[in-house]
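Listed next as structure tokens is one chain, alone, in the form predicted on its own.
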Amino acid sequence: MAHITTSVEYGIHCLLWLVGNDNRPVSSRDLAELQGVSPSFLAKIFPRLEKAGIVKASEGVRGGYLLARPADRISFLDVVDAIEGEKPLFDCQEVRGRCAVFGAQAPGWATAGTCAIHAVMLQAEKAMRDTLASQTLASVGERFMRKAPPAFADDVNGWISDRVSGRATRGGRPARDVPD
């Protein structure tokens, strides 16, 4: 896992809006507008989430995205890996063998085994991955909803319902940012 980008942050926020929304599809365009981000930005994220089996798409005027499995079975690590790929946190360049004192060839003792710096980075990456794997959309969604005023979820669901109804009454435009 390389640097965790804003794509992951927005992806997780979008997925949290899909938790507990009565299994109604939500378009990536609506999710983008809800969060004040470009629809084209989210249109790049959702195919990755779909490919990873985190969301599934439904077509049509009232189409959009749904969680593909229960929120308690989707970890933050699943989302990070889906969006960023499974890249290492640290890319060891074996700097230890390039010391000027060694001349043209580093002695075996200098490069034998895992680099001590790399070992620390591997340990840190394991701890981060373990933490991300232990947090699910359901658990974080519950914490968020305990913090938010009770009416907030109703306000968001009403906003989404109004958007979907508006598309249906206007004759519909594609609900997702991908071809039907």
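For clarity, every value in this text was computed on a predicted model and none was experimentally measured. Residue numbers here begin at 1 and follow the sequence given.
Below, we turn to the form predicted in complex with a further copy of the same chain, even though it does not appear here.
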{"query": "Answer range among 139 to 147, 39 to 47, 53 to 61, 66 to 74 for contact with a further copy of the same chain, defined in the model of the complex as heavy atoms within 4.5 Å", "finding": "139 to 147"}
{"query": "Exercise: residue 92 in contact with a further copy of the same chain in the model of the complex, heavy atom 4.5 Å", "finding": "yes"}
{"query": "Residue 13, heavy atom within 4.5 angstroms of a further copy of the same chain in the model of the complex", "finding": "yes"}
{"query": "Heavy atom of residue 162 within 4.5 Å of a further copy of the same chain in the model of the complex", "finding": "no"}
{"query": "Contact label in the model of the complex: residue 88 to a further copy of the same chain, heavy atom within 4.5 Å", "finding": "yes"}
{"query": "Neighbours of a further copy of the same chain in the model of the complex among 28 to 66 [non-hydrogen atom within 4.5 angstroms]", "finding": "33, 34, 35, 36, 37"}
